[in-house]
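There is one chain below, alone, in structure tokens, taken in the form predicted alone.
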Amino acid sequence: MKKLLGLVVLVSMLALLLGGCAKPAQTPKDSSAGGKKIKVVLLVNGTLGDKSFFDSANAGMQRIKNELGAETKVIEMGTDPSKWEPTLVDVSSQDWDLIICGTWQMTENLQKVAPKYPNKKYIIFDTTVDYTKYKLDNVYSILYSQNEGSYLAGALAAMVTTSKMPKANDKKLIGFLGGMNIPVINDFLVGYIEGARSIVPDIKVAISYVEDFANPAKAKEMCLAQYEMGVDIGFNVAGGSGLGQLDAAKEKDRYAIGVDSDQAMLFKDSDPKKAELILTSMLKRVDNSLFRAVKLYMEGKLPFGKSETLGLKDDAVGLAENEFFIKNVPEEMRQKLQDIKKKIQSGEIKVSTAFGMDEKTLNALKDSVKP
């Protein structure tokens, strides 16, 4: 009996030793520790359906849900700014793990609310909070190098245009439509001008600002005026207002460059004629950047308390290379754009930015391309 008991003890000890040497079982990856889904909410300070900026953010939320297994919700707060802060406060009091919002219009609201909820985590995109003035260790900010992608858009516009201005010694002319005269929109413009000038040094640019991101009717009239003066390709950087540029392009049978989302593909089925005239879109990949941020959060690597600027090398900006781009832009031009892209990524081409640029310098740049 003693021998049998000793044998049992020996076998048990061997089992423990062998078990200690074995690799621990891998915990299946889930959307949060403990096998519980993380909860992510996006607050849209406007509405979906702009076929541009907010729709790109919404596409990112779909990827976060489908590919990362998160529980997601998108709240359209509308265009009344008085409702944005109360909604942010309300959501902050709920059990969301990550609260996402975007645009410079939400910066002040987040700077007021986030410090009151230090245990909550926030992401703001297309702007940054002021980390020097406020306690915002729970906020991660995403900025984009839209000037880099817009440099490519400007180069393409200068290659494609055949416009000539009789009153300006036959100089070529391209168009630019901005939502507002603010730094982030002017960052697109600065890159666009520099890219165009890299191809045609004395090119002219007709510049218009809608001063509204949700007024496509006003934008259309501005773009019709540009097309009437000789523009044959224009770049819309105006959110929902930019849809007016696309309407004007269709009416005048001229080219347009879309923004943020791949706008040609959005109209491929519903309005093929319009889609055909959108040569490409300068993608601000809000979708990719939000997906990247949530993935890093799940890995415990998202750097809260700071901002990051994402550009061409991060696949956060770039031109849409869809079927219309392939069909309507000659191979030689497409190859040239690839060469320019590589030079920007490597740092050989350094694109100027409107951020930090003084008003005098910016105005001088605008005046230098004025028709």
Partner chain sequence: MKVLLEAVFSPTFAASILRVTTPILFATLGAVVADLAGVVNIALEGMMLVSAFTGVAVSAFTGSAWIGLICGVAVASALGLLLGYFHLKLRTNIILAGIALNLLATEGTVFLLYIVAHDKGVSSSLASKVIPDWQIPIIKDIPVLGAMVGKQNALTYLSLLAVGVVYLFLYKTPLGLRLRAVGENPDAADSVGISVHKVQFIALAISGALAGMGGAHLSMGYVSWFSRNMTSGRGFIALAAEALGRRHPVGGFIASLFFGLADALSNYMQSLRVPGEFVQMIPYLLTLFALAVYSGRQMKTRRSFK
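Residue numbers count along the first chain shown, from 1. All of these numbers come straight from a predicted model, not from anything done at the bench.
The form predicted together with the partner chain is left out here; the points below concern that form.
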With a 4.5 Å heavy atom cut-off, would you call S270 a contact of the partner chain in the predicted complex? yes
In the predicted complex, does K164 come within 4.5 Å of the partner chain, counting heavy atoms only? no
Report whether the minimum heavy atom distance between K341 and the partner chain in the predicted complex is within 4.5 Å. no
Spell out, yes or no, whether the shortest heavy atom distance between N181 and the partner chain in the predicted complex is within 4.5 Å. yes
Go through L296, L224, V200, V89 and name the one with a heavy atom inside 4.5 Å of the partner chain in the predicted complex. L224
Consider the chain as shown here, without its partner, and state which of L302, L48, M333, A59 has a heavy atom within 4.5 Å of the partner chain in the predicted complex. L48
Candidate site K218, N363 and K366: all three near the partner chain in the predicted complex by heavy atom within 4.5 Å: yes
Candidate stretches 240-248, 285-293, 155-163, 91-99, one within 4.5 Å of the partner chain in the predicted complex by heavy atom: 240-248
Along 271-293, which positions have a non-hydrogen atom within 4.5 Å of the partner chain in the predicted complex? K274
